[in-house]
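Next up: a single chain in structure tokens, the form predicted alone.
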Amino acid sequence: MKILFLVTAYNSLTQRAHIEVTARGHDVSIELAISDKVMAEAVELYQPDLIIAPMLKTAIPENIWQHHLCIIIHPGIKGDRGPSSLDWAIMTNTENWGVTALQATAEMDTGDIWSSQTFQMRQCSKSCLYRAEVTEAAIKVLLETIERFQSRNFVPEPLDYRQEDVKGCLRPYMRQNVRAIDWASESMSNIIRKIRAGDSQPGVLDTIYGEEYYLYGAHEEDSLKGTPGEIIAQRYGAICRAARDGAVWISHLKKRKKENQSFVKLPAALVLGEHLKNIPELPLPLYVSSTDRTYKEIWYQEKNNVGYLHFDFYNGAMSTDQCHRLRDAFLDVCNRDTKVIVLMGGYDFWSNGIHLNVIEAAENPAEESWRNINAMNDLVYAILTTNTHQVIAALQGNAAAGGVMLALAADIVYCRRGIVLNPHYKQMGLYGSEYWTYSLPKRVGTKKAIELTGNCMPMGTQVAKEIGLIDDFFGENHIIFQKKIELIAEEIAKNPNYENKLTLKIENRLTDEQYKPLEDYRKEELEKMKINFYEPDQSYHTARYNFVYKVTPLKTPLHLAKHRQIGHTLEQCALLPSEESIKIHYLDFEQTCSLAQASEQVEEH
């Protein structure tokens, strides 16, 4: 069946929907809803059997929905209407929420209901909820809707507020006067809810030191006290503001737009700069309880000869400083008397590689890009050369670009079922580093490595396992995934053959090093990255600017819009580089084979 996605952005939910629908044998093409004309053109060119909008912030034109069945995936329960669905659910502390598949009609969110799912709300940010519970529910309603449409005998349910299970209502767009915080009178929990309801967009507008900023990334703080509204501490880029009954950490700020000047979201301390010169920096010990209510990016737990290193960076972006701190933490836990180290990443994201927002805000973005990629490489090198432990990468959330390569530095890679992987750099105008020319071909082979880094398409966990990119995936949710990881890690730690396996790992790394040193891979990658950063070709700097400022694309990329690919070459559509341009040096061998045998395999490939 031919299915057209009309979307505002090719975001995480759209990517997951693309993966799931394609995996079921359907032909999917995607069009960014840049204008009514563009959407109408897409329909005319593709002639879809069904149109689905997994994430759409604008209305589908009447001349489309009158002639084609159009399904809107709405992040709300039955009867919920309006553009701020999740915002209101979080603000009102709703216990249960849901996702509904609605048929597009003249009036927004009032169409017949094709499917609905509910879930229990967590105390977390809107973006965190969206990437987990909302996404899982959305995929269920989307797939059920497709099945019902194919059956040709399903009759959708008209929206009827008299029905007992229709508990939603029409809510207006949530404006800043509703989100506004009264620091003198509001409780910590209420402030937290307001900021979380606006994360990652649009944020909560507030005044700090006489300037207006949008607030993001709220965390509770139980120990610190002060005058409500006052900034009383800072930690690794976050600021802590006192509330009536506690305090609130705010990790990120964005200056309010002035005339024609726009600003990007950045770590709060970086934005406030000299204003914080007298505010104390309060570092957090690495060995801290995960239940402590405070702001923490990196922390460590230990149990049954297994160490769990958590790193939860906002939106998965890793700045130079964050890379350095994580590397130091990793080297620290390598000295612990344990057998297995599990790299847990964060709840939302494992990692998305270098911090493009911080780079964009730097005085010299090229220099900061260079510092950041070298810091990432230092971290990856520390993991690749670990000879004291078996290392597991446990991906609870999505990963992209250098974040995927960071995971491949571990000995074993496990993913939570349903996360999305984007193992490529090219859309950002980058060749890539993090030793990917060593670790990626070693797992998937040269041909597949070129394909993955060239076609710029997201990948689901099923395909990732089939091609060898990851070792396995499991867990319908984070809790199940974490429990399974614990069982696996403890089993490895107590395995009678542990020492033999560790010795074999060390020997294999030495064999690889003799064939080609890691330093050579790094040098070759960085030579190309230096061109991306410093040469006149500005594709990286332009792509980065468009990304951080959320510049609307002028057209849908060809590799997504199948209906616009006629007359274009495969390379133009798929963004595939030539094998010569990649120059991957491939080494793929069985753990017990000799260097001579490995050399023969290299020649074959």
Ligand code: COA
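One rule holds for the numbers: they count along the sequence shown, beginning at 1. In this text, all values refer to a predicted model and were calculated from it rather than measured experimentally.
The same protein also exists as the form predicted in complex with coenzyme A; that form is not shown, yet it is the one meant from here on.
Interface residue among Tyr438, Phe311, Tyr314, Tyr295, judged by heavy atoms within 4.5 Å of coenzyme A in the predicted complex: Tyr314. Just one of Asn357, Gln390, Ser115, Thr453 comes within 4.5 Å of coenzyme A in the predicted complex, counting any heavy atom, and that one is Asn357. In the predicted complex, no residue of the candidate spot (His26, Gln150 and Lys562) has a heavy atom lying within 4.5 Å of coenzyme A. Heavy atoms within 4.5 Å of coenzyme A in the predicted complex are found in exactly one of 512-520, 472-480, 206-214, 425-433, that being 425-433. In the predicted complex, coenzyme A lies farther than 4.5 Å from every heavy atom of Gln163.
Residue contact with coenzyme A in the predicted complex: Ala401 places a heavy atom within 4.5 Å of it. In the predicted complex, no heavy atom of Thr386 sits within 4.5 Å of coenzyme A.
Using a 4.5 angstroms threshold between heavy atoms, Gly353 counts as touching coenzyme A in the predicted complex. In this stretch, 113-131, the one residue having a heavy atom within 4.5 Å of coenzyme A in the predicted complex is Arg131; the partner itself is omitted from this view.
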